[in-house]
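First, one chain by itself in structure tokens, the form predicted alone.
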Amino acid sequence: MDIQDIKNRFGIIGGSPLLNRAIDIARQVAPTDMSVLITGESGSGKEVFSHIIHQLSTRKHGSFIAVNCGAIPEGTIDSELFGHEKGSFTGAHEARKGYFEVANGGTIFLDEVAELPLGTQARLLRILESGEYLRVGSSKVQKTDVRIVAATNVDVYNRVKSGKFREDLYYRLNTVPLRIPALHERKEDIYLLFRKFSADFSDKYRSPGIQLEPDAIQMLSNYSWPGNVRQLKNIAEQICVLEKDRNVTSAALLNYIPNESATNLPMAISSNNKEDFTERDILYKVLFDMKKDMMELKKLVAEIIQSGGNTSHIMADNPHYINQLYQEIDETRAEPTFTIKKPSQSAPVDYNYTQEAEEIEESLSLIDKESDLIKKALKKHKGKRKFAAQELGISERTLYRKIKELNLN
């Protein structure tokens, strides 16, 4: 069966090279029992390709079961897939066969396989390797002969690197990778699909046919279609039901296609040198500039300390930086740990003056510090020891003892 015959049989519309390549891979792998991992965006038609693989295989007379792994709760998915014994958990009033037992000799399509819990992934790996599994609550090994076709709309390998998906299971499922192109990658097929969908819905609702004006056709081709074929089909149905004018223009089409310009996603900013920067790049640049300024400030302080407070040579070498530092200190009203006398703006700046650094020796005794704090507290509260004790965060008895020990009477 050639590619066109497959398209006719399964209702696939389009002549995109990417689409033809995907159909060709499905056609070649179908007669084998190899596991297939189908990847593609949501709504791109992954389940259709699972049917192609099953119907063109030797298992076509067996069962085909499609399982949405993301729609089954984690607590019951093992029971759904592998079955359970009576009384194995609360509510298990009787034994139940799982999908792998029911589909023995056929095909199971695991959609959204990346959503499987890690424990279920281990059970699935055992089936792929040996065809064996255990029912929930049973110790008896069961055998099954099932072909697994899996699908996902996420990057499974990224989930492997983050520890959310088993690496050994990924390689067993990905024996043959099959990628379905997104609708925006096959622009030449968009109008063909719209015509097919609109004709089907016109027959279904017994309404006149829909005709697109050239500007509307161009708008369909230029739209990104985040919902892929599913979204295009929904819009075609809406137009067939709601549009009174059967010749649809781009202005009318805007009522059904979401406005992509209203997105809240970050926008790329173009600079004069035609380089693109994201918000993260801009933030990194600001942080690097801040780090550079801090390094320059540290270097300046170190030079002042090494020179013993003599800043004449530093100001002569860095007049612009010093003036900028003055300005920033004034704006933030910061109190620097060292002071440099700023020259008067009305007089010419003389960078050859010398400044003497005055060193004040401060007592570092804990007893002296404690005594000073108690004196300040008593003075603040006019000798009222109760309030002074509260100010110091100690009990009144402790304050009495401290006053006696430090001879502060």
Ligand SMILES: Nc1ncnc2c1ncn2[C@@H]1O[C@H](COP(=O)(O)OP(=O)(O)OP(=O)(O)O)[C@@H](O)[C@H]1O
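Note that residue numbering follows the sequence shown and begins at 1. Computed from a predicted model, the values in this text were never measured in an experiment.
As for the form predicted together with this ligand, it is not shown, yet the points below apply to it.
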property	result
Segment that reaches this ligand in the predicted complex - one of 224-232, 118-126, 167-175, 89-97, heavy atoms within 4.5 Å	224-232
Close approach of T144 to this ligand in the predicted complex, 4.5 Å, heavy atom	no
Interface membership of S42, this ligand in the predicted complex, 4.5 Å heavy atom rule	yes
This ligand contact at F82 in the predicted complex, heavy atom, 4.5 Å	no
Any non-hydrogen atom of F197 within 4.5 angstroms of this ligand in the predicted complex	yes
Check all three, I13, V48 and R397, heavy atom within 4.5 Å of this ligand in the predicted complex	yes
Position in contact with this ligand when the complex is considered in the predicted complex, options L212, V136, L220, L193, heavy atoms within 4.5 Å	L193
Contact assignment for this ligand in the predicted complex, among Q238, N153, S250, N104, heavy atom within 4.5 Å	N153
